[in-house]
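Given as C-alpha cells, the chain that follows is alone and in the form predicted alone.
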C-alpha cells in the first residue's frame, strides 16, 4: 500500500514526518521514495549506503528536415508549443516538450524520430535501519520534473507486500498531482496558520478529485483547537496527531537525526500516527473487497 506524505506548502515538516514514520515501522516492512526531485532531502536523514545511480532521459523530437514536408501537423498537435514551424523550418524547444510523442505519431512523412535529453538521476540506497530509499535529483536548470517523478514511482513494487512511504513535492501543481495519483492514502502535514489552512484546503480539493483518502498531521501545533481543527470537522477529515512545537525537535532535525530516536514523547506520537495509518489502510482494503 502507498502512503504519500504531502503538504500544500513547503516547510511544514513533510519530510520529517515521512522519514520518522519509516523508522518507527517494523524493520523490513517499509520502503521510502522521495519524489520531491527538485529539492530531495530524505537522504540527508536516512543516509543510505551502497547507492546506485542511473541517468534518466526523456524523449524529445528530432526532426529530419530532408524528410519533412512542412505540413504543420506536428505543430497542430502540440499543446505546449514545443515544436513549431518558423520561416519554413521546424523548431524544437526541448524545455517545453512533455514527451507525449504525439508529433512523431502524426507526422505523415516519418520525419520525426525520438531524440532525448537528460532529466536528472535516479538513485537507490540502503538504510542501516533496514529499508531502502529511492529518490530523484532533477538536473539543474531542468523545468520538467513529472517525468523524473514517474521514474521514481515506477520503482514501487506492490507485489512485495510492503508499506511504501512516498515524500511528495509541496504544493498542488503538476509535480504534486503526479506523485499523489495512485496513492492509497495521503497524509497531509499542515501548520495552524491562515496560510497553512489555505494551502491545506487547496490540497484537499485536489485529493477529492483524485479520490484519495486522507488524514492530517498538525506540525508545530501550539493550540488545543485551532482553525485547522474547525476545517477538518467541516470536511470530515481525521486529524491523526498533533506534533507540538519544540526547540529540542528543531535541534534534532538540524543535525539530520531522527526525532523518534532522541525524543521519547515524539516517538510515542509517531507510533500512534503509524497505527492509525495502518488502521485506515485496513479499512480501505476491506471496503474495496466489499465493493467487488
Partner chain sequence: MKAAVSSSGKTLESELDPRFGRASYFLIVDTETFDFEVKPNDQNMNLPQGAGIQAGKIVADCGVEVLITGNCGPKAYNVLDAVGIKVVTGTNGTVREVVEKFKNNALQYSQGPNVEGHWV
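Computed from a prediction, not measured in an experiment: that's the story for all the values here. Positions refer to the first chain, counted from 1.
Form predicted in complex with its partner chain: not shown, discussed below.
So its partner chain isn't shown here. In the predicted complex, which residue out of 156, 122, 96, 221 has a non-hydrogen atom within 4.5 Å of it?
Of the candidates 156, 122, 96, 221, 96 is the one lying within 4.5 Å of its partner chain in the predicted complex.
Sort through 109, 118, 91, 71 and report the residue having a heavy atom within 4.5 Å of its partner chain in the predicted complex.
By the 4.5 Å criterion, the partner-contacting residue is 91.
Look up in the predicted complex whether residue 132 has a non-hydrogen atom within 4.5 angstroms of its partner chain, and give yes or no.
Contact check for residue 132: no, nothing within 4.5 Å of its partner chain in the predicted complex.
Since only the chain is shown here, I'm wondering whether residue 212 would be in contact with its partner chain in the predicted complex (any heavy atom pair within 4.5 Å).
No - in the predicted complex, heavy atoms of residue 212 and its partner chain never come within 4.5 Å of each other.
Indicate whether its partner chain has at least one heavy atom within 4.5 Å of a heavy atom of residue 81 in the predicted complex.
Yes, residue 81 is a contact residue.
So in the predicted complex, is its partner chain close enough to residue 184 to count as touching (4.5 Å, heavy atoms)?
Close contact is absent here: in the predicted complex, residue 184 is far from its partner chain, nothing within 4.5 Å, heavy atoms only.
What residues, if any, in 58-88 have a non-hydrogen atom within 4.5 angstroms of its partner chain in the predicted complex?
Result: 75, 80, 81, 84, 85, 86, 87.
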